[in-house]
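Heads up, the chain below is alone and in the form predicted on its own; it's given as structure tokens.
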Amino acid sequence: MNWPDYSGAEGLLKPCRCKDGSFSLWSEDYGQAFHSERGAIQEAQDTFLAPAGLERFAPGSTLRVLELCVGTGTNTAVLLEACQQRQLQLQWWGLELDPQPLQLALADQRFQQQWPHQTVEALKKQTASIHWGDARQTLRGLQSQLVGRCDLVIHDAFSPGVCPQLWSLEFLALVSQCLAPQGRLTTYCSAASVRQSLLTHGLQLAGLKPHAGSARHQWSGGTVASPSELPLAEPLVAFSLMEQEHLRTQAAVPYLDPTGQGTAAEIQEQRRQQQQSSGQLSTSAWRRRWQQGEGLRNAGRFPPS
């Protein structure tokens, strides 16, 4: 992993390069990278774009997209290129708390070199209309525009273990309500708590085919959700028996944030108490049954080296 000196990041965000050579950032605050180790662009294509099923839309159609946590803008750039190739008009709502990741990316020559010049310019233009602030409040303010309209929701927040605010039962209710009848939510996250919350909101679920080289053959590479039945055709796959049983363990106890104001620590503590009183199979017992180790934890993003 290449960790160049970057004084402007003030030690909180550090640029790094993924296995595919693409630009990413490491967050000291969250203790996670913005993208998987195999690559920011590769992840954007495999986890968010491929399962979106853009081939369903005829040239000239308008694609309505809600993107949660824009970050460095990599997912947005990949989406912009796909829409151009398929001659789709893009109507996009981006939600982001912190402007620094995008600023760092757009100012970095290595990030710019990943794309044709017109893609970088399109990204700058597109992200000029980002809705800044806590997504719990900004999404609530956008509900009148978005309910039942989004063909695609890209959910790319930091993992539930460090950012439960954006994976709570209540927040995912707002997200689910934005989906059009045939709309799809795509995310790298495979946490049982998130999947169970999406099921609670009446969505149909599928997993993502594990990425090439993955050793976790019984564990899918992400989650896709829709109000309508999802076709189990590549890259969408059915959950393995192991994953289905995971949904009946304490890991499936949802994160709760009824006020939309809870801190990560408050939400985590409340969930720990609910897990202890749930009567469900413990996650450790489930791991022993499937002879799995700590590698099953849904960190989702690579550590620094």
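Just so it is clear, the structure is predicted and the values come from calculations on it, not from any experiment. Numbers follow the displayed sequence, beginning with 1.
The following text describes the form predicted together with a small molecule, which does not appear among the structures shown.
Participant: In the model of the complex, does each residue in the set T74, P101 and D156 place a non-hydrogen atom within 4.5 angstroms of the small molecule?
Facilitator: So, yes: the whole triplet contacts the small molecule.
Participant: Which listed residue (L79, V194, A225, L166) meets the criterion of a heavy atom within 4.5 Å of the small molecule in the model of the complex?
Facilitator: None of the others qualify; the residue that does is L166.
Participant: Hey, in the model of the complex, does F239 get a heavy atom within 4.5 angstroms of the small molecule?
Facilitator: No, F239 stays farther than 4.5 Å from the small molecule in the model of the complex.
Participant: Give a yes/no on whether D108 approaches the small molecule to within 4.5 Å in the model of the complex, heavy atoms considered.
Facilitator: No - in the model of the complex, heavy atoms of D108 and the small molecule never come within 4.5 Å of each other.
Participant: Tell me, yes or no, whether A135 is in contact with the small molecule in the model of the complex, where a contact means a heavy atom of each within 4.5 Å.
Facilitator: A135: yes, in contact with the small molecule in the model of the complex.
Participant: Is D151 close to the small molecule in the model of the complex, meaning a heavy atom pair under 4.5 Å apart or at it?
Facilitator: D151 lies outside the contact set for the small molecule.
Participant: What stretch, of 268 to 276, 32 to 40, 250 to 258, 51 to 59, brings heavy atoms to within 4.5 Å of the small molecule in the model of the complex?
Facilitator: Within 4.5 Å of the partner lies stretch 32 to 40.
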